[in-house]
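Below: one protein chain in two forms, given as structure tokens, structure 1 then structure 2.
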Structure 1
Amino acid sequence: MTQQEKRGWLGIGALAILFVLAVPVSAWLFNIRYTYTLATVAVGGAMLGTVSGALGAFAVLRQQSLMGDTLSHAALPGVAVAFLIAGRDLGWLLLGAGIASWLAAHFVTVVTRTTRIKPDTAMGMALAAFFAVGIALLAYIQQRPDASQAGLDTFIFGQAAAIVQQDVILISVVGVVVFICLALFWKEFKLITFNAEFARANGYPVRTLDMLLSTLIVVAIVLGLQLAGVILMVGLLIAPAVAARQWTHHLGQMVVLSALLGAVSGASGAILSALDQGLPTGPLIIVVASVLVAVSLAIAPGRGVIWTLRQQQRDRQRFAALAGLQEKP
């Protein structure tokens, strides 16, 4: 392990310690009472942010950030169809969302491999088509006699207050399964992320690995529908990874840091929403994640804007000094 990698892991460890200490500090500083509801939402947000951040790192590195947006929007018609079939049972609604998102991912894969359409175009097609179908189905459901009991619009922007302890346990269990899959297929995921053609030439089942990774992302999106909704969930998937990318060049560190920043965003958004009764949890989670991205883009060493400007200034001064020496007889 190089000295740079050691410094990176030390920085991640220090951030994790600060995150743990932030809970009692926030309770004392802002006079926040950690009730059952707040604790449940905060823990659920942290767990979801951890899973989403880790998976989002692969999406960002594979230049598939739009895939998260596509899959989250594609979940809406699945929710609507599941409601028409089984009513407002949360398990069926999430299952419908997962099936619809997986079909959208499979649609993008098939289109890009059987036609000359580029991946971003295929994702845009899937996003628009699935989301339009979802909106149409929601409009139809609202005209039904039991429309007042539907409440499916909460899946668009999320409803964090509806999260209960069983949901947190579910997120935790699924999160453990996701991280086990990442550990088991770490080498394969790393290879298809950076050099899919080399992996294919060496006999790796690239298509199967692509669908497995897409399925894991679908699982994370479905878990976050109740907290952040189909529109904002992509922010929790992508923003922590974008922020983490500014601080490190190593995949392992980026995945861990992205997971940690996702946890910080999820928990902080929930805690900030407790400051006032009217503050929504889901949007605040994305606001915190966006602030982390902005800070990282500004001050990250080696890639941040401030570092780049200072480096350019040093280069200009060095160039001016060399030019002055050359002008002397």
Structure 2
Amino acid sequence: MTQQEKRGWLGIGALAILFVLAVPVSAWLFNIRYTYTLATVAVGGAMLGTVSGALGAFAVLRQQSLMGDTLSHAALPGVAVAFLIAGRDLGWLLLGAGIASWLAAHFVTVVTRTTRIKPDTAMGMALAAFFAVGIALLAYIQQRPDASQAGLDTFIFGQAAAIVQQDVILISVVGVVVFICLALFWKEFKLITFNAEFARANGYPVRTLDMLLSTLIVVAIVLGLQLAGVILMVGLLIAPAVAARQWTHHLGQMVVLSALLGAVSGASGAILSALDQGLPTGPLIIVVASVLVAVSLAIAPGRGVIWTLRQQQRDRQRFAALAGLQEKP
């Protein structure tokens, strides 16, 4: 391990400790009472943020951010149809969401492969079409006499308060499976993300690995829908990764830091929204995550805006000095 790598891990460790310490500090500073309900919501938010942060790192590196947005918007009709069939049961709703997302992804692939339409256009179309159907179905559901307490519209902007202990158990089980997959296929995922062609020439089943990684990303999106909502879920997926990328050049560190920043965003958004029942969770999470991104883009050493500008200025001065030296006879 190089000196720089060691420093990176130490920094991430320190941040993790700060994050844990933030619980008693915030309780004391802002007089927050961590009741059982609030603790459930906070833990759920943190875990969802962890899973989407870790997988978001791969989504960003694979340049699939827009795909993530398409998939999350496209989940809405699936949620509605699942509700119509099975009623309000989180497992079924998420299964419906997953199927709708998968259909949208398939639609994009088929359209891109068989027509001259470019991927970004195909994604835009899928996003709009699926989301429109979802909104229409939602309106239909809410007109039905028995739907007054359906509350499906929480899926649009997310509602952390809806998370109960059973959901946290589901999230944990899925989260553990996700991290086991990441650990088992770490070097393969790294290779297909960096250079898929080389992986294929080496005999790796790139298409299968690709599908596995994409499926994990879909799982992260679908799990997070209840918390962040279909409109803003993409933020919880990619913002932690964008912020993390600024601080490290090491894939492992980027994934861990991204997971940690996702946990910070998810937990603080969930707590803020649970304290005041009226506030939707998604926007709060994304505000926190965006602040992390803004700070990282500004001050990260080596890649941040301030560092880059200062470096440019130094270079200019150096070249000016060199040019001045040359002018002398």
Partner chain sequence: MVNHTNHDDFALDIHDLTVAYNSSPALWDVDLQVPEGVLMAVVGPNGAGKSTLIKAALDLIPRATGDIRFYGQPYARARHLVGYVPQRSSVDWDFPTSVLDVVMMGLYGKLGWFRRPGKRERELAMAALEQVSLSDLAHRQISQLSGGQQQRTFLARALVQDAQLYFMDEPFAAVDAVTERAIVTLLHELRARGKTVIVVHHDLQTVPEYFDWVALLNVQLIASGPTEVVYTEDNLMKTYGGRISTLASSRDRMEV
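Since this is a predicted model, take the numbers as computed values, not measurements. Whichever C-alpha set is largest while still superposing within 1.5 Å between the two forms counts as the rigid core. All residue numbers here refer to structure 1's sequence, counted from 1.
The chain appears twice here, and it is structure 1 that represents the form predicted alone. With the core held fixed, residue 106 shows a CA shift of 2 Å or greater between structure 1 and structure 2. Here residue 304 does not count as shifted, since its C-alpha moves by less than 2 Å between structure 1 and structure 2 after the core is aligned. After superposing the rigid core, the C-alpha of residue 215 moves by less than 2 Å between structure 1 and structure 2.
Relative displacement of the residue 277 Cα between structure 1 and structure 2 on rigid core alignment is 4.7 Å.
Core-aligned Cα shift between structure 1 and structure 2 at residue 88: this is 3.0 Å.
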